[in-house]
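In structure tokens, the next block holds one chain alone, the form predicted on its own.
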Amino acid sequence: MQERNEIVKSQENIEQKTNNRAVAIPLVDIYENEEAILLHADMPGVAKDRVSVNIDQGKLTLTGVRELRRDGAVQWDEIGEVEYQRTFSIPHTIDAGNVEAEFKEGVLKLILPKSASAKPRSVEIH
């Protein structure tokens, strides 16, 4: 129970300011089936060309930058610019060469296919 509280506490301050841009952790949903791991990351207001997905040495890194056009002097600024960043460890059973990504309506959808050796299979008995 104490471990859960530490996780919650660490996520209370998920927003920081760097270079006049807030840094935030995008919310994600992760699902797994026999074929792949599916990941949905919420990055509202981010344009498709400002999203990047990198896989390197067992780490999956997601980033997205929301930039707002400002017309006039700022009177109140709560939404502002945000840089979403999140990194995951991925299992070695993921076929990194065949990962698929789609970005639509502020949601990044990743399909991380499992390699053939990681998929369940039936063994024929002779």
Partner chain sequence: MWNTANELNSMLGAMGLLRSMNRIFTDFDRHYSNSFVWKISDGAPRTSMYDSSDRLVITAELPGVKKEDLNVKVQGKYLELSGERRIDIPEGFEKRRVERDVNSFTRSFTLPYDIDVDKVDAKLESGLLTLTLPKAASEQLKQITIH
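Numbering follows the first chain given and starts at 1. Worth saying up front: this structure is predicted, and the values here are computed from it rather than measured.
We do not show the form predicted in complex with its partner chain, though everything after this point is about it.
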Contact residue in the predicted bound form, chosen from 101, 96, 90, 68 - any heavy atom within 4.5 Å of its partner chain | 68
According to a 4.5 angstroms non-hydrogen atom cut-off, is residue 38 in contact with its partner chain in the predicted bound form?
-> yes
Distance check, residue 77 to its partner chain in the predicted bound form, heavy atom within 4.5 Å = yes
Even though its partner chain is not shown here, does residue 106 get within 4.5 Å of it in the predicted bound form, heavy atoms only?
-> yes
Is there a heavy atom of residue 27 lying 4.5 Å or less from a heavy atom of its partner chain in the predicted bound form?
-> yes
